[in-house]
Structure formats: structure tokens, C-alpha cells
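The chain below stands alone and is given as C-alpha cells, in the form predicted alone.
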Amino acid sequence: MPRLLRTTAFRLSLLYAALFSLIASAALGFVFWSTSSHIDEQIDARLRLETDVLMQLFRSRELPGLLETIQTRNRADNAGTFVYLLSGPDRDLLAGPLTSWPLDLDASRTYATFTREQLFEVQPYSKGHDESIRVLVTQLPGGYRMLVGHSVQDAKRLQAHTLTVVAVAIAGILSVALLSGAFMGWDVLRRIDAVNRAAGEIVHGDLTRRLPISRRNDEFDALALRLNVMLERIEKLLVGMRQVTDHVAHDLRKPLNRLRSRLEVTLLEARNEEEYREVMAGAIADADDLIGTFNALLSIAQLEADVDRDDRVPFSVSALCEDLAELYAAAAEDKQVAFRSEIESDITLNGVRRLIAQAFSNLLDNALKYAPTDGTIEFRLRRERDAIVATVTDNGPGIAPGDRERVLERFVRLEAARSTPGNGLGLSLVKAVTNMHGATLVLADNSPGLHVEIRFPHALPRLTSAA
């Protein structure tokens, strides 16, 4: 209960309950006041109507007719609802249930409210002295005075009943609001406890744990869904970090051991200058491999962090591809591989030129590495309606469909013996570059070989000259 009272939901519910109760009290109070005023106006209107009827009778039948009517009405009113009095010029009571005029009410059309005890001080009714009576005193011609009274006890009961209903309604509204606030606070507290338990398990190492999501599809579920996406991303990053650590340890151990062995063997016996130079050249080559691996990892990390966002400028990707095609055509000729290129002219792209050049170079390096002798490599660039499409194809061994997503991860090499030169970071770098530029990377079957397609969205207008 103390935790429940401290919840924001309960406090807000309490505030809303107080405000709603205040508004409801004002509204119901206005209803009560309006009803009471209307009842009082009805009683006064009835008194005026009775008085006007008796005055018309006085004018038509004069004093004897009025006396007879007042006495008849007093005798007929067994419920005590109306009271009729008539006094003469000398203030002697001529008609009515009293022996004398009870009060000094001489003004014409005078309204007043009295208790039955005040009005009937000489002859109180057994009905109760606390009963209120509304009276209207009228001055008649000849010095006569007439009093018409009406009991307001029924009206008071109705007003008291209305007041009770109003009070009960306000109390009910406040109680329901408080109970609703308590329930809402308990529900929020229960859901927060579930989130705390899940967060505790995640903190203690269970990265597969996710925040619970209900069927309500409310703001808590939207927040939990967003946090679950974040947790899934964190889990993938941590798993990827572990895998990278394992792959780095595995891939760097071999060149380091080779470097150490070469240097150790060299120290076993004296050698001439040429032999030392050969050993030093081999050590430098091993160091270059290590530096290349670390540089590739650093480049991928920078790409994923979008460090080079501000370096994006429009440039001619057609000119870039023509330069790469000329370079790799010569390399393919040395390996006896046919190289074909189809580069559409005057295509521009908004991006980082050196990174896109690195991505294309990695794809062409892979194609050249795995293309067989007398094989074919094709390099194309074309503009479509909503994209710029670059493709690299070869007729080498290709990649099985089940491995096409996996080879985009760091240090993944499909060759079990890992005897082919490389560090397994080329395609990972290509994927990072495409992601940075909002492009799509697709690996497909070339039957035989591999078909790689990169689709860059939002092509810019043609340039008149190569950038």
C-alpha cells in the first residue's frame, strides 16, 4: 500500500478525482439551487393565484361571500396545506383558525415565511411546530386584510431529499475515483515490477530476456516493444563482439606465430645479408597482413558509426567505375580471365567516393580471386527509375543460399582450411558501406558463380562532365 500511494498513477487519479468531484459538486449544487428556487417560485405563484381568486370573489360577492368561502376552505383543508385568515378594519379576526391576527403584516402583497408555531402562537397545530408556512398578506378595500398561507413542508422534504442525493452522488463519485485510482496505480505498479524483474535478469547476464508485452497495445507496450528492439540489437552486438573476438584471436594467431617462428629460426644461426633481407621482407608482409586486418576492422566500425556522414558529396560514379574497370581488366588479363564492363555514362551519386570505390574494389577482388581460368567477370553500372544499380558477376564456385547472409558477417570464410589469402572482412566492409549510403546489397546465384547487386536510391541529375 505505501508503494501504491507513491505511484504517479494513484496521485494523478487522486487529483483528477478531487477536480472531478469539485466540478460535480458545483454542477449538482447549481441543480439543487435551481430546483429549490423553482419550488419557491411555484409556491409564491400558487399563493398569488389563490389571493387573486379570493379578491375576485370579494369584488363579485362582497364580504359575505368571501367570509363563507374562507370558512369553507379552512374546514375542507384537513391536510393543513392552506391557511386562510380575514380581519376587519379594527383588526378583529373575521375568519380563520385563529382568534386574532397573529402578526403585524399590514403592507399589501407582503410575502413571509414562518413556522407553524410562530403563526399559530395562540392555537398551535398538532402537526408540529417546526413546519414552515409561506404566507401572502393582501390589503382589501374598506380596511380589510386577507392572509393566504401555504405549507412548504413537502417542498422542504423534496429539497432535503435532493440535497441527500447530491451528497451521496458526490461521495460515490469520489469513492469510485479513489478506487479507480488505486486500481490503476496497482496495475501500473504490477507492470513496472515485471519490467524491473526483466531488467534485473538482463543485468545479471540473461541477454535473451525481453520486457513483457500485453494485449492492450498501449503506451507501455509501445515502450516495451521499442526497448525489446534495442535489447535485441544490443544482444546481437555483444554476440557479434564475442564472435569478432574469437575470429580475431584465430586469424591473428596464425600470422603472429608465423612471424615469431620466422624470426626465431633466423636467430638460430648466422646468416648472410641477403637471407636477413628475405626474413625481414617476410616479417614485413606478415605485419602488413595484421595491419590490413586492423584497418579493415577500424573502417567497418567507423562506417557503422557513420563517422563519414559529413564527407558525402555528389560525384560521378560513372567515372569511378570506368577507372576501376580499366584497372581490373588488366589484372584479369594477367590471370587469363575475361573482363567485361558496361558503364552507363553521366551517373552521379551522393556519397563518399573513397568508400564506394573500396566497396566496388572488394567485390571485384573477390570475383577475380574465385573466377576460374578462362572464366568471365562482368561489371555493370546503370540508372533505373528510382535507383542506381551496380552489379559484379563471376562464374566461380558461388555461395550457397544458406551462406549468403552469413558471409556478410565479420571474419566469416566458407573455406574450412582458410588457405586462401584474406581475412573474411571484405564483404563485411561492402555491407557497411551500403548500409551507410542507404543502399541494398543482394547476393544471388549466377548459375554458375555469384551475382552481387548494389542498389543506391535517389539518383541525382546527369552531369555534363565527369567529376
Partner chain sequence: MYDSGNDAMRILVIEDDQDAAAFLVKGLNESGHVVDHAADGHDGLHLAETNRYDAMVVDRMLPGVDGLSIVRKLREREIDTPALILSALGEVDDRVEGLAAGGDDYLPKPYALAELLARLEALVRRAKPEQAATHLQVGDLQMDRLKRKVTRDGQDILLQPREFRLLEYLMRHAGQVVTRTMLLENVWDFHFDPQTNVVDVHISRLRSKIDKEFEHPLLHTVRGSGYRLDEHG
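Positions refer to the first chain, counted from 1. Because the structure is a prediction, the values reported are computed rather than measured.
Only in words, not in the display: the form predicted together with its partner chain, which the text now covers.
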Taking the shortest heavy atom distance, is Asp221 within 4.5 Å of its partner chain in the model of the complex? no
Is there a heavy atom of Phe315 no more than 4.5 Å from a heavy atom of its partner chain in the model of the complex? no
Does its partner chain get within 4.5 angstroms of any non-hydrogen atom of Ser361 in the model of the complex? yes
At 4.5 Å between heavy atoms, is Lys369 in contact with its partner chain in the model of the complex? yes
Stretch from 378-386, 222-230, 161-169, 349-357 whose residues place a heavy atom within 4.5 Å of its partner chain in the model of the complex: 349-357
Can you work out which of Val203, Leu238, Ala281, Ala270 has a heavy atom no more than 4.5 Å from its partner chain in the model of the complex? Ala281
Residue among Ala199, Leu327, Ile213, Ala285 with a heavy atom within 4.5 Å of its partner chain in the model of the complex: Leu327
